[in-house]
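To begin, one chain is listed below as structure tokens, in the form predicted on its own.
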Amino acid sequence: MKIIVVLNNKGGVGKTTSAVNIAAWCARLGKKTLIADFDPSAGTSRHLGFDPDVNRVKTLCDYLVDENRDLNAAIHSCSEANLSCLPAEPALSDFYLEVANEEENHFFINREQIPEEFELLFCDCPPNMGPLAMNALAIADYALVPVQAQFLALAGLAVTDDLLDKTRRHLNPHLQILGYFVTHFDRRTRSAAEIFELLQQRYGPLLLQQVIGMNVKLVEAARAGQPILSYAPRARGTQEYGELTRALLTRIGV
């Protein structure tokens, strides 16, 4: 199993949209894939039809208070074949802190608890570097960083890069940077191309050449509770995430 953490300290960069749609494409390409929602906002959960305000299913919160700690009970199949979701809910951060204080346990999930049937696990982290993100990084093989095509987003990357560096030095020396990729890329503007060039200079081969452009179908798909490849198979966003996913799988070697 390969575990990929999708994170960025800045919100609004397309992190959840990317995690969901890359995972969905991996599943479509025949990889048994699990996506875990480590974000109390439950964006990934809602995007895949597990809205905690609408349909109550077992979530990470239930797993935390389960004496048997059966992770399988909180894993649910999605409409896309080969794709499953480990959903979250808004109380996740409170539950995590309560359990961690009681048990004096730094992390609530380790690799051994994840069902072996999955080839890939994507972890969608909150837009901060708190304990939930640290748990994901502690068990991960790779970190994948989406970057919004705006100059202000570049400044915030230093925080994310610093966290990844500290994680490798103090927590998980095996963590690798899978890559950086650009989201919200507006091909009509010169600034988007300039940002891509700056990222190319900073990260070199770590910057993926596939970009995710502005696409209203991505927003509609999230609202409909579906990956874009199910909601709008012919949309540009569908093709772009497909190209990005294939490039990532090549890097991982699966």
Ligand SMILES: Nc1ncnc2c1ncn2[C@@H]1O[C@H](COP(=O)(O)OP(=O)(O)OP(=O)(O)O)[C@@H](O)[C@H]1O
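Note that residue numbering follows the sequence shown and begins at 1. Just so it is clear, the model here is predicted, and its values are computed rather than measured.
Below: the form predicted in complex with the ligand, not depicted.
Check: For Ile195, is any heavy atom within 4.5 Å of the ligand in the predicted complex, or not?
Finding: Contact with the ligand, no.
Margin query: I'd like to know if Met214 sits close to the ligand in the predicted complex, meaning any non-hydrogen atom pair within 4.5 angstroms.
Written below: Contact check for Met214: yes, within 4.5 Å of the ligand in the predicted complex.
Margin query: If we define contact as a non-hydrogen atom of the residue within 4.5 angstroms of the partner, is Val219 a contact of the ligand in the predicted complex?
Written below: Val219 belongs to the contact set for the ligand.
Next item on the list: Flag Pro127 as yes or no: does it have a non-hydrogen atom within 4.5 angstroms of any non-hydrogen atom of the ligand in the predicted complex?
Entry: Result yes; Pro127 sits at the interface with the ligand in the predicted complex.
Next item on the list: At a 4.5 angstroms cut-off on non-hydrogen atoms, which residues of 1-28 are near the ligand in the predicted complex? List them in order.
Entry: In sequence order, Lys10, Gly11, Gly12, Val13, Gly14, Lys15, Thr16, Thr17 come within 4.5 Å of the partner.
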